[in-house]
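This document opens with one chain alone, in structure tokens, the form predicted on its own.
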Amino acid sequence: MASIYKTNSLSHTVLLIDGNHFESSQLISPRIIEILKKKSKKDFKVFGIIDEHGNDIIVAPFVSKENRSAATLLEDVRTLGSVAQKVSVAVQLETISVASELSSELNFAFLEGFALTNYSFSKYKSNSSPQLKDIYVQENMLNDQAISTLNHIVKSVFYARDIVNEPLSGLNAKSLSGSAKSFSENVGIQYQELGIDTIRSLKMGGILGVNKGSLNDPTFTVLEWKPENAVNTNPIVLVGKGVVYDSGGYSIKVGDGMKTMKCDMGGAAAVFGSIYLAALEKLPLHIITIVPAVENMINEKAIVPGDILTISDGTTVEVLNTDAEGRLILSDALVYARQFNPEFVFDFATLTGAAMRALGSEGAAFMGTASQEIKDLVQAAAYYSHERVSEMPLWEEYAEQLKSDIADISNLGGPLAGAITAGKFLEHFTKYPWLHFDIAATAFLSHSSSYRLAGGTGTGIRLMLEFFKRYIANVQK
């Protein structure tokens, strides 16, 4: 991971200029101005050039389009930063410095897109992809706090990407929990792993049932960030789905359905990364993170459709589909969260194909019982960070689809509204304000989209940082 530093040196430089007023720019030479004059503003591209002193220069002209919201402009600049990083690597630079004539907010977005693109999961490659080793920024671009925050964002998002990209052979439930222990030790987060004996004593039937087909034990990880200056009386609880591999169980996935299922712990990555970032930023919030982790595999002990599981609150569940396993392990975690008397609970999960079909990879579905004030803060944070979410209803009629003739509830609704009935199932186990985020479409991409690279994206972490900041400001009014 390349870190970001301040510098006065401008060799091997990326120049972020105002494309609307480039003729008066103090950053570019008359020769570059002449090049830009020959282009239409619609055709402005990031390009590399050798300056008068023989230095490599990457020119990134930003043209603000008409009728764009402030949040959309920020995303435009992040995308520009992503392109600039790719050009820098293409011309084989190892170290660059960035100079800009734009505002601090736009500079931050540009560097965010730039740095988040500078990622490669090359652990298993003989020859790793070239990446920039260091990124320097002009003294007046950003203050020290902003640069620190950028480095923290990159560190936590890259951590999440790494664990999502790691195959089952390198990351089972035990090592997923261990990865959280590793970062917790360095930032003052309290770490606790509940092993198989504790999980059994707590009668977590959802976790035990889903993991029955695996040779490896499940884990249940609890992290706590509790600074002395926390502004919330009761903790915010984050729950993440940690299915480190999902075969579908006896409701087996077919065709290509299994090839990316190492990513089914994207919810765990989101909440681990979020509390990690909160601690790095020393946010004045009491946060607890809970991750149940399992493998949904097949052997002679695995559950089958028609089995009955008993969740830790005594609810019996008829398992109609073993591939609807995420909601089963989350149910035990949501029950466990009750003991903390939480301010509210957010759960993140790569839960349903229905959410993917509804929204594509452009955003995540969310739903729940939290206050409208909290939902509004989430929406505002989502648009600002461009980790967008769209609310789905949880009308009582959807609960009808989850009725069972032989148990308290079934784990599968009808053929329609699958993302909502999954959320409705989870709601049964909550006794507090709660929001569910279905990140199935955004946690893992088959093709890169700007700074969201193919593979694990680390989604949810930047959204939560922005939400936390807004929540703190709201409490402190």
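Numbers follow the displayed sequence, beginning with 1. Just so it is clear, the model here is predicted, and its values are computed rather than measured.
Keep in mind that the form predicted together with a small molecule is not shown, yet the notes after this line are about it.
- Only one listed stretch (151-159, 301-309, 345-353, 110-118) carries heavy atoms within 4.5 Å of the small molecule in the predicted bound form, and that stretch is 345-353.
- Only one of 78, 262, 327, 386 lies close to the small molecule in the predicted bound form, with a heavy atom inside 4.5 Å, and it is 327.
- Here is the short version: of 103, 371, 321, 143, the single residue with a heavy atom within 4.5 Å of the small molecule in the predicted bound form is 321.
- For a residue to qualify, one of its non-hydrogen atoms must sit within 4.5 Å of the small molecule in the predicted bound form; none of 237, 291 and 462 qualifies.
- Residue contact check for residue 253: one or more of its heavy atoms lie within 4.5 Å of the small molecule in the predicted bound form.
- In the predicted bound form, no heavy atom of residue 166 sits within 4.5 Å of the small molecule.
- At a distance threshold of 4.5 angstroms between non-hydrogen atoms, residue 295 is out of contact with the small molecule in the predicted bound form.
- Within 4.5 Å of some heavy atom of the small molecule in the predicted bound form lies at least one heavy atom of residue 412.
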